[in-house]
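Quick setup: the structure tokens below cover two forms of a single protein chain, split into structure 1 and structure 2.
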Structure 1
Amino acid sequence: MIRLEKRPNPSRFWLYATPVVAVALTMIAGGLMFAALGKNPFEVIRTIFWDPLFGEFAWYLRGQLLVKAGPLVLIAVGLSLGFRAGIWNIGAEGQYIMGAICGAGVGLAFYPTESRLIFPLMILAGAFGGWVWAMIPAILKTRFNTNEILVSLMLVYVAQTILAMASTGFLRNPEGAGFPGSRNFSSYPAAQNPELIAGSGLHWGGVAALAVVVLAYVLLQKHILGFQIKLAGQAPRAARFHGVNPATLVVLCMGISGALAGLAGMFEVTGPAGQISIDFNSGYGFTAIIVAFLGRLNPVGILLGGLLMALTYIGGEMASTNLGLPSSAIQAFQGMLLFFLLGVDVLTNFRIRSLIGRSTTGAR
């Protein structure tokens, strides 16, 4: 019999050890799941984590890590700012979709113009689309005290409906013989998000992700807004005495996270995805929540967490193709990571004690 005892101060050891332990536990539990599915767990784990980096096609797959990690890092950094302040934007998937629709819509509105201004306009439109979609739960929160978790989450399904309407209606390719989907941006150079270094997979989305990591780190460490964000999350009453306006902070954090999610959608639709389609959204907005917590809400940690999660995407696709593993098993494997991350994170603020007062071996 054990109980949890509140620590006087958060454990620095568990603060940094939690992601490592969570990844190890995920591998163990995932291995058991793969074995239950009749697969060799060691072979599956090797395919997911080793082959993309050191296997036969590693030279190409390493570049694809940047492609997969870019949108995850962009979205997760934006979410982390709100999470630090106690503002829970769970609807980044919807903001990602709306950013893609707005960005693509602006580009297609000028088709077939070849002006160099089109792509910058699409970037602005993508950020604006995500920002507007995030402002809905932000304004409802500040004016009517609604729950931003529920509102932002429900708006994901509204965005998915608009995405279907765009694919089959107002953005559908008029030369597509009636098939759903917009024009392909690969044949529209002015609106294309090209590969910057041949064979690397790096496009402007990856550059933007790296820039956002640096800017977010500087914001949190050097700027008064970063101090207010951290203070609001750690001590809300002290933040109010310090002059922090909770409503302003909600609007700022939701707006930043929505704009970054919209940027991620715009870079994705003009790059790897290539077009607006019914199944354009791939769950990046939800997976970014795992990345944010895996990185401990720290921009540098989020960058590393995004690369790790991108590795599970690429390795998971290889496991599905080469080993016949169901794609749902890979999704469950990724979900285990968040489960164990949140579970082990309890040890950051609590000690495990026996009922007779003795601490367990791993709770120091």
Structure 2
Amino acid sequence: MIRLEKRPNPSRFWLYATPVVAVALTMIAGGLMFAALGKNPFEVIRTIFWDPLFGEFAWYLRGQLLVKAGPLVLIAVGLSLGFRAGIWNIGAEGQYIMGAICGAGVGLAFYPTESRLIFPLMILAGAFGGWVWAMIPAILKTRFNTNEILVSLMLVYVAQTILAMASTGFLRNPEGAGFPGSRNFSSYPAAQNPELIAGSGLHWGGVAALAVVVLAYVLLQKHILGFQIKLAGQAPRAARFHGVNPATLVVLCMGISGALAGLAGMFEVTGPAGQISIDFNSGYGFTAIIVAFLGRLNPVGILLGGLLMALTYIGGEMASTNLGLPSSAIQAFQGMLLFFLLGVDVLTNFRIRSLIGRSTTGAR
């Protein structure tokens, strides 16, 4: 028999060790699954974790790493602030889509004008689109005490419908011979989000993600707002006693996460995706939730978690094309990562006690 016992203080060691242990356990369990599917587990693990960084096509795939990690990190940092305050924005995917539509819409409205002001304006519009979409669940929650999880999640499907309307209707390329999808931003330099260093995969979205990581770190460590966010999540009554207004905090956290998700969508659609299309969004808004927890809701952790997640995406894709693994096996593999992370996480706040060896362990 074993028993969990709450630690008087959270363990510093396990706080940093859990992600490493979780990755190791995922490799073991995933390897068993790949073996059961009749593949060589070592080869699959190598394809997923090694080849994208150091393999034959690494020159291309390394760039892809930043392309994929950028929006994940940008969204996840925003979400993590809310999650820390106990505010559960699950609808980042919708805010991401709305940011993309608003940002792209503003850019396309100026087509074909060339001006340096257009791209900054689009950035503002993208953030605004995501912010507005997040304000809907925020205000419903503060006014009518609705559940922000449900409302934000359901608004994802509304956003997807608007995206379909945009790409087949109001933002469709007039010169596109009736095909769905907007004009391609690669042929509109003033509104384009270019690769900043050739081959690096770094675009303005990646720069923004790095900046946001630094800002969020400073906010949480040094600023009173970061303190209030943490306090509200850990002890809501103590937060009220301190003087936090819960409604203000909901609006603030939802707003920040929505705006950052909107930014990510805008950078994606004007850069790597290139155009508004029915399926330009690839679930970054949902994956970012995993990234936020993988990074322990800590900005630096999220940066690392985002890179790791991007790696499993790219490596997973290679494994399914090169080794013929079903894509659902890759998704299960990613799911394992979150499962083990949350499972091992218990050790940060609890220690395992054996009831059999009680006379020796109970003495401490």
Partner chain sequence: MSERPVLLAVEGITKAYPGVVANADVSFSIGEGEVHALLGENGAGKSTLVKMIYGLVKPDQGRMVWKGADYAPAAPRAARATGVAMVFQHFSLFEALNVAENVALGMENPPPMKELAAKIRAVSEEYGLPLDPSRMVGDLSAGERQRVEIIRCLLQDPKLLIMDEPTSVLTPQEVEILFRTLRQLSAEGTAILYISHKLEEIRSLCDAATILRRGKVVGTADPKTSSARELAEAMVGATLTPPERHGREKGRVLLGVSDLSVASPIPFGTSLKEVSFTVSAGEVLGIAGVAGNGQDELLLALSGEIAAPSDRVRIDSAPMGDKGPGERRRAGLVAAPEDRLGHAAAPDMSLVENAFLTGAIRKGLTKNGFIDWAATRDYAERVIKAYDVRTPGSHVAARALSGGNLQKFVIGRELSQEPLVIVINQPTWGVDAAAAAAIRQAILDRAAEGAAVVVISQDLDELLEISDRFAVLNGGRLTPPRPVQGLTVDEIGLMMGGAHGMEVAHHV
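This structure is a prediction, so every number in the text was calculated from the model and none was measured. The term rigid core refers to the maximal set of C-alpha atoms that superpose within 1.5 Å between the two forms. All residue numbers here refer to structure 1's sequence, counted from 1.
Shown as structure 1 is the form predicted on its own, with the alternative form given as structure 2. Once both forms are fitted on their rigid core, the CA atom of Gly55 lies less than 2 Å apart between structures 1 and 2.
With the core fitted, the CA of Pro8 sits 4.3 Å away from its counterpart between structures 1 and 2.
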